[in-house]
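Only one chain is included here, represented as structure tokens and corresponding to the form predicted on its own.
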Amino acid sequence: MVLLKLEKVTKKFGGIVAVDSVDLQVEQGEALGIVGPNGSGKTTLYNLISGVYTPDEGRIIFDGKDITGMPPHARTPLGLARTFQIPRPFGSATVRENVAIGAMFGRASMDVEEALREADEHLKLIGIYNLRNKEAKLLTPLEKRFMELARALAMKPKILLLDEVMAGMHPSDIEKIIETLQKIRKEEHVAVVSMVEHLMHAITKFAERVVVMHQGRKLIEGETARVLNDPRVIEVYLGKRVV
């Protein structure tokens, strides 16, 4: 089942075409990697999917609904959640409260006590339940990233967009995150889309399918090992000309 569909999506900033007529589909419960060097259009693509930007051309369909012009806060209750490369928590709130806010943002009808119970479940799942009563501003950068992931999962997404969530992590932490994401995909049928710039070893362990962006366009997509060994992809990452 196709959950997310982009049809000829284009975004321009002045004379710069940041995303150029991109088609993309995400299936229910799949693990998709979006890779490409700096400036390839990955972040702009994420901002279009999450509603930060509105496309200049094309359409975005989520779970059968046209969300092209819909703002971010209206997309989340539909089942679209995102993490950010640089977490920005509510610093004076506890870790538990930050995750509970995510749960309530994803489902407006949820009361505070239910949201706090949801927060506990997801903090246990991610493995930082011991930090639940700590103020978010006192967390290490890595701990903030784990909390950001727990907060996004508490929104109960159908699709989870991860923005460089594994960057800077120790290999053992990366393994833990991948195991957690695989569990969520299998048990809750959540599609996970992970954007990375480097960390190819993480993508090979996680993603079933990969989309490679280059100069705002989709260079190639397909099965992970095949795509990452494609000569065009190797040239992009070596900085050579792509024919």
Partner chain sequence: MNIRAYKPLIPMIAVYGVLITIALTVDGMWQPVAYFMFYIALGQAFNIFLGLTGYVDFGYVAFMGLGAYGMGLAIKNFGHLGLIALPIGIFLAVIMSMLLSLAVGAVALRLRGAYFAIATIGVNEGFRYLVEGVRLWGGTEGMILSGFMRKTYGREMTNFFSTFLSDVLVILIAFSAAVVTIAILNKKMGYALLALREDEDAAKVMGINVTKYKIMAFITSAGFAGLIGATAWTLKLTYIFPEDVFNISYTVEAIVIVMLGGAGTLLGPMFGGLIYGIMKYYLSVIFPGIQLLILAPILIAIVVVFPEGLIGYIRKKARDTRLSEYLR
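Remember, predicted model here, so these are calculated numbers, not experimental data. Numbering follows the first chain given and starts at 1.
Omitted from view is the form predicted together with its partner chain, to which the following refers.
- For a residue to qualify, one of its non-hydrogen atoms must sit within 4.5 Å of its partner chain in the predicted bound form; none of 145, 163 and 167 qualifies.
- For the chain shown alone, residue 73 is a contact residue for its partner chain in the predicted bound form, at least one non-hydrogen atom being within 4.5 angstroms.
- Proximity of residue 43 to its partner chain in the predicted bound form falls outside the 4.5 Å heavy atom cutoff.
- In the predicted bound form, its partner chain stays beyond 4.5 Å of every heavy atom belonging to residue 139.
- None of the heavy atoms of residue 124 is located within 4.5 Å of its partner chain in the predicted bound form.
- In summary, the region of this chain contacting its partner chain in the predicted bound form, judged by heavy atoms within 4.5 Å and restricted to 45 to 53, 29 to 37, 182 to 190, 209 to 217, corresponds to 45 to 53.
- Within 4.5 angstroms of its partner chain in the predicted bound form, the stretch 101 to 137 places a non-hydrogen atom from each of 101, 102, 104, 105, 106, 109, 110, 111, 112, 113, 116, 133, 135, taken in sequence order.
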